[in-house]
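In structure tokens, the next block holds one chain alone, the form predicted alone.
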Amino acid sequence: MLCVTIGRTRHKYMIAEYHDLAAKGAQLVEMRLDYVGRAVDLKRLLESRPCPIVITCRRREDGGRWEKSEEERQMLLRSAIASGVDYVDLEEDIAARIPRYGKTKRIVSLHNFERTPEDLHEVHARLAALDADVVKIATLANSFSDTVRMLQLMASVKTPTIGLCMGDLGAATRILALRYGAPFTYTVLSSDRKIAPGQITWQQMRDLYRPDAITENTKLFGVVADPVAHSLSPLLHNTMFAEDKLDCRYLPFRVPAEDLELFMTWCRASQIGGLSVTIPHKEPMLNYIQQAEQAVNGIGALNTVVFREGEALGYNTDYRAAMDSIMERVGVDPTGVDTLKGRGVLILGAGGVSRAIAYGLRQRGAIVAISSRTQDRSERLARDVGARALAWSARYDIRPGIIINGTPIGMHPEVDESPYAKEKLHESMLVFDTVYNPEQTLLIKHAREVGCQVITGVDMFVRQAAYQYKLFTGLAPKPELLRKTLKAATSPVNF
């Protein structure tokens, strides 16, 4: 069950939002009374209740906004219980002073906005002993191990427990809480109404992740990155799972580099089916796989892991997608010779995607130059693939036939930047920007204005996601559905 938290400063807005959520199918709503800016009229808020409700009134030291006396706050909570609300949230230090009454269930909670305590089980035992119907523990995740410990806690205790790790590192606890035994998990109405760090919107939870339908039989996949919140991969893959009616979910996993080994161990223990791998893990992930396709070994990086029969298998669908996108434009000459052979290419950037593309181009005989803002990375990549390294300031010293942007320059929200000056473009060039959000980057706009052929990041992103989906499920993907979904998500109206 999803519990939607609402915090509004005026009674009429709180009531309107509550009734609107219920009309749209919300199963449980939490009213944050500490957000109400004037004297709380509990009777007005609670009359004509269309769906079950949690009443919470949080002090500032617990992440709330309550500014009046503690005596008034506790009286308000007692009044809510007397009014017969479905749940009331009580902090550990006051739970013993507010007795059970009627049918109202008691949530005994603890919040820590700095860390996740090492003694989670001891903390849980204290809270459960305070006549708790539900224990709620919300802590800040500072590592992926905090997320793992919180999930393990929920699965191992008898008292129904909601264990949430706040922040992007703890997103999995919010989505998987129900699978691990929580009676409900918290969400928020919209991204601009977040009450706690890392909250996921009700619409995303309801339509994209559907946590209430995640069971022990649901096959899990995900994207592993740091950061990860910007990734649109969960949208694409979950849309495809729903289209094909598969009992699968795809989650965002923010994993710091130092936690990668722990994360991979957890993936195996949790029977994760596969991963999309992105910055900064494309190269380090090679240390945690047992087999890899030939291109991965040649590139020295991967972007896809499939777990099969106890082994982690590595693939690089960036490479396949980029080469398909390029070859669709340049093709072959009438004699069947690959027209990339001998063609000059400038690749901007020296990260994982640039490495995959540089490898593919060199395999086809292209003459490649690498230029990034970090010279030693340019030199290392150039040395690895047999290319030439150029200083970033020298990127205009050559006149390539193909320019490829593998940097994040031009990505939302910095949409007014371009890695290559418009006046240096010419109409005989093919310009390929791997940035997909937005599709029409400033570089692509300039290239079109000059008359260049272009390949957008959407072309490549859709192809690589389609290849991944086939590796994950064995099913033929629907590229047009992926393209439509991606374009809708990156449309300017969504900004």
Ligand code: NAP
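Since the model is a prediction, treat every value here as computed from it, not as a measurement. Numbering starts at 1 and runs along the sequence shown.
Although it is not shown, the form predicted in complex with this ligand is what the next lines describe.
S.K.: So which stretch, 246-254, 420-428, 173-181, 278-286, is the one near this ligand in the predicted bound form (non-hydrogen atoms, 4.5 Å)?
M.R.: In the other structure, the partner sits against 278-286.
S.K.: Out of V36, M460, M31, A447, which one falls within 4.5 Å of this ligand in the predicted bound form, going by heavy atoms?
M.R.: Answer to the contact question: M460.
S.K.: Of G314, G360, G406, G222, which one comes within 4.5 Å of this ligand in the predicted bound form, counting heavy atoms only?
M.R.: Looking at the other structure, the residue within range turns out to be G406.
S.K.: Answer yes if any heavy atom of T304 is within 4.5 Å of a heavy atom of this ligand in the predicted bound form; otherwise answer no.
M.R.: No, T304 stays farther than 4.5 Å from this ligand in the predicted bound form.
S.K.: Please tell me whether any heavy atom belonging to N112 falls inside 4.5 Å of a heavy atom of this ligand, as the geometry stands in the predicted bound form.
M.R.: N112 lies outside the contact set for this ligand.
S.K.: Is R364 near this ligand? Define near as a heavy atom within 4.5 Å, in the predicted bound form.
M.R.: Residue-level check for R364: no, no contact with this ligand.
S.K.: Taking 4.5 angstroms as the cut-off for heavy atoms, does G352 touch this ligand in the predicted bound form?
M.R.: Output for G352 is yes: heavy atoms within 4.5 Å of this ligand.
S.K.: Pick out the residues of 424-454 whose heavy atoms come within 4.5 Å of this ligand in the predicted bound form.
M.R.: Residues within 4.5 Å: T434, V435, Y436.
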